[in-house]
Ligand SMILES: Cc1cc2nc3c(=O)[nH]c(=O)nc-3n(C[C@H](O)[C@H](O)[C@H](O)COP(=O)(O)OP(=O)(O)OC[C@H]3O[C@@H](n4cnc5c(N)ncnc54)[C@H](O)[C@@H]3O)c2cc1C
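Next up is one chain by itself, shown in structure tokens, the form predicted alone.
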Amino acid sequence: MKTDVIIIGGGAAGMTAAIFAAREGRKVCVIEHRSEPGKKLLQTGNGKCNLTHENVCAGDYLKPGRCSWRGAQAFGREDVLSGVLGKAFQVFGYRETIIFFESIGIPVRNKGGYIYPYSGTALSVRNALWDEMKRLGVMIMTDTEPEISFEKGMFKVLTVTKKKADGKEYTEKKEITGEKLILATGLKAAPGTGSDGSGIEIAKGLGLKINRVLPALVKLKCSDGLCKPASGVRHICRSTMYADGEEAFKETGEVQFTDDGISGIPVFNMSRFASAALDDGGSVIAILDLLPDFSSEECYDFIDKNYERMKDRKLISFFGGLLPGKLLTAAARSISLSSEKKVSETGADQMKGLIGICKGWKLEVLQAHGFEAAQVCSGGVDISDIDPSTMEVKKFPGLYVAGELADVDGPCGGFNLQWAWTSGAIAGENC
């Protein structure tokens, strides 16, 4: 079977690429090795699908001064990344994304800069993309594994598709040829949804350079069970990460404490740098300021003003207006102090020591959780090899890369989906 454009991967980037290519009048075939396209998309934003972020720009992906550690340099080569994203967003950015989704029946709502479908459901987004592909006549092959070769200016894809008939399973093989091939397979994040690393092998087989792939936007495991007493607590903290003693990341936001470490948006955003540092054999320390709105002096004043009239209270009650009890218990335990101890039985040095912990709780990060728990990955096809105005591989005319497979990843908040829409639209429109 001959077609104009073959797209490997039916995720956010692949479906977008298919729609834009078909709108240009091209005959398109999407090959997805899971049972349906867009399975990973259904999980985004906890099922609400944070489509993008208001006025997203290249600077949102690697902010100067926020990601200064050498791991960030090794990941992105900031000048190259900024150049690629800047050019790509000029072609298809935040506003074009909103117009596109409105064109397929998905109006949006803005929640403090976070852009969601008005319905609040990822399923509505996936279904709208799928329906638009079908309306445009895109051929969609699911449960299909591809074997790709390039001969005489044409891509040849041998597909092996799982089929069922009369209660029995069998495989069907087809050969599909096309002049254009878009790789939109994803990397390794959430492999159960389809991004199982198979795209990396396809890209390597076509001679593409792959930068180190690591989990990003993922929970961090910390040492000594210090966080377990606070498991389940969510609290606003100022989170600072040090890699080999050098500040690498800082962000204030809600941190969630787990049995073995920390989670939440600031931690997810920190994790891609922690992953790189740990993979390099470095040491990683997270410092949490549990009282970011108060200086140490203000905390000491709080003790001085309330000590006499509250001296018969337990520590957990004395500080109850500042910190959740479970979190205070965990912080106190880290300096061998019981939160059940009375204030009158606690020396001034211990009280100040507890404030010191609350203003700078030191946690050794042992590891980032694995690919199965990651929202995205860092690494992928080297972006310096891609033309951002077309998403075509510079040294391989006819071959395009879109979505997470390219070495681009951003923070939480719709930035990674924005890259999927941008790169998919540009690849589809120009292939």
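Being a predicted model, the structure only gives us computed values, none of them experimental. Numbers for residues come from their place in the sequence shown, where the first is 1.
Below, we refer to the form predicted in complex with the ligand, which is not included among the displayed structures.
By the criterion of a heavy atom within 4.5 Å, Glu32 is counted among the residues contacting the ligand in the model of the complex. By the criterion of a heavy atom within 4.5 Å, Asp196 is counted among the residues contacting the ligand in the model of the complex. With a 4.5 Å cutoff on heavy atoms, Pro388 does not count as touching the ligand in the model of the complex; it lies far away. Looking at Val401, you'd find every heavy atom of it more than 4.5 angstroms from the ligand in the model of the complex. The candidate stretches are 392-400, 360-368, 40-48, 379-387, and the one lying within 4.5 Å of the ligand in the model of the complex by heavy atoms is 40-48. Only one of the listed residues (Ala243, Leu220, Cys237, Ala190) places a non-hydrogen atom within 4.5 angstroms of the ligand in the model of the complex, and that residue is Ala190.
Out of the listed residues Val125, Ala230, Ala184, Val284, Ala184 is the one that sits within 4.5 Å of the ligand in the model of the complex by at least one heavy atom. Along 334-366, not one residue places a heavy atom within 4.5 Å of the ligand in the model of the complex.
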